[in-house]
Ligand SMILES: Cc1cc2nc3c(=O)[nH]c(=O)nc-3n(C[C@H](O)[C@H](O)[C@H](O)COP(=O)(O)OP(=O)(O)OC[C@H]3O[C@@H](n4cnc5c(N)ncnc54)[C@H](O)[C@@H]3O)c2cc1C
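To begin, one chain is listed below as structure tokens, in the form predicted alone.
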Amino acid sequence: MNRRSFLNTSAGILAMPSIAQMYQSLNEHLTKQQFNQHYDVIVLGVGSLGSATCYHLAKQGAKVLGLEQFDIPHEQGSHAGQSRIIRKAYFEHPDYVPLLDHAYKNWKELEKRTETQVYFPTGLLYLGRPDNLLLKGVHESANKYNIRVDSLSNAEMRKKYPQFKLPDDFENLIEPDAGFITPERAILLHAEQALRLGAHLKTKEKTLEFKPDAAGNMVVQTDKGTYTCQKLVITAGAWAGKLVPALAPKLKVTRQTLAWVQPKKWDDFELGKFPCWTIAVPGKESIFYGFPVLPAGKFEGPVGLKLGHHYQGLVSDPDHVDRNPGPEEEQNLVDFLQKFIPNGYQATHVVKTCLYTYSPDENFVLDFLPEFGNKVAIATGCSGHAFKFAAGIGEIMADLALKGKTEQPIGFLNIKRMM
């Protein structure tokens, strides 16, 4: 199978390096670095958006330092968990679609550059009543940008995807070109490429504060040292409010619960037979979502059928998160499966947590901090739906830092609406 056909099939998977192998390689690069004190750009937080930002800064020739308080990657924030849905018929708002087009392009560029697959086009089901915001939003974005979304009758749905047990009044849509991204592998690839291009990355180093100096530079103080830079980019996820106290009252950090379960009929849910899916449950202002079972020989992470509930979870301090979900949170997911995907649950395998950082309107913030002119750019308030954009947002943040502007249409994601 040639590489082009490999990248366009959901079932064919190349022998890829394991996350452990990639992590070891990254650490070998990290230990060989010789650090400076002054940089063109410093990036605070080297996770989903920060790793991509470091890569695009280094790609444009900048002298860049990425500071990460944990490992690269890690399970303390928002990016862990084996898989993230990627889609274009964006129900949240059609203004995101041009940004998604750019992100898809950049994901493909990363795959080509590294000869490693991170995007798996499984198709994505949108299921719910026609008047639900999920279905209405999908139609709006698909119609405006001519995105292929197919409608399935109830009979077609039962024949093609008998795993689901759905009410007769549900509308059944599928976006064939949607699927999932592997987040840990994507972050490692961005970080590795940044290092290869000359970036410096430091892990287990916590940023304490930043401020301007008399020379017009930004000074970053960590628990291990002091650095200066011409421009600063903050991609700190749930810790953004800690670094920018003025934004803290506007940002809500919540703990979310994910589960990997053992299905009754394992073969029915394997990659290649079962798509990614979203279901808007009547009576709940929230969405359940999930993925096919990924083969353990090719993918890292927990084994089983993964699902989650997209809603505002328990408000939490990112430095003091209860990582032990209560039985009611697990039962919420089990009850959903037993009602809508009855053969999808036999036993719970793993329950994990991640963090969302909500903005008041649940849209991202990609902009400069106004009190620092164009010296400090920030990406925050991603509200649990940003990873699919990471390859594109990384370039956007690099352009803001190096050029003071971006060609991408991010006006609706300005920081003024937060003030």
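Note that residue numbering begins at 1 and tracks the sequence as displayed. Since the structure is predicted, the reported quantities are computational estimates derived from the model, not experimental observations.
Another form, the form predicted together with the named molecule, is not on view; read the next lines as being about it.
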>> in the predicted complex, does every one of His102, Lys105 and Pro409 come within 4.5 Å of the named molecule, counting any heavy atom?
In response: no
> in the predicted complex, does Glu330 have a heavy atom within 4.5 Å of the named molecule?
Replying inline: no
> Phe269 near the named molecule in the predicted complex, any heavy atom under 4.5 Å?
Replying inline: no
> Any of the heavy atoms of Gln69 lying within 4.5 Å of the named molecule in the predicted complex?
Replying inline: yes
> Trp239: heavy atom within 4.5 Å of the named molecule in the predicted complex?
Replying inline: yes
> Exactly one stretch in 56-64, 365-373, 34-42, 378-386 has heavy atoms within 4.5 Å of the named molecule in the predicted complex; which is it?
Replying inline: 378-386
>> Considering non-hydrogen atoms and a 4.5 Å limit, which listed residue (Pro275, Pro263, Gly77, Gly128) is close to the named molecule in the predicted complex?
In response: Gly77
> Only one of Ile147, Leu243, Val321, Leu197 has a non-hydrogen atom within 4.5 angstroms of the named molecule in the predicted complex; which is it?
Replying inline: Leu243
> Can you name the residues of 123-157 that have a non-hydrogen atom within 4.5 angstroms of the named molecule in the predicted complex?
Replying inline: none
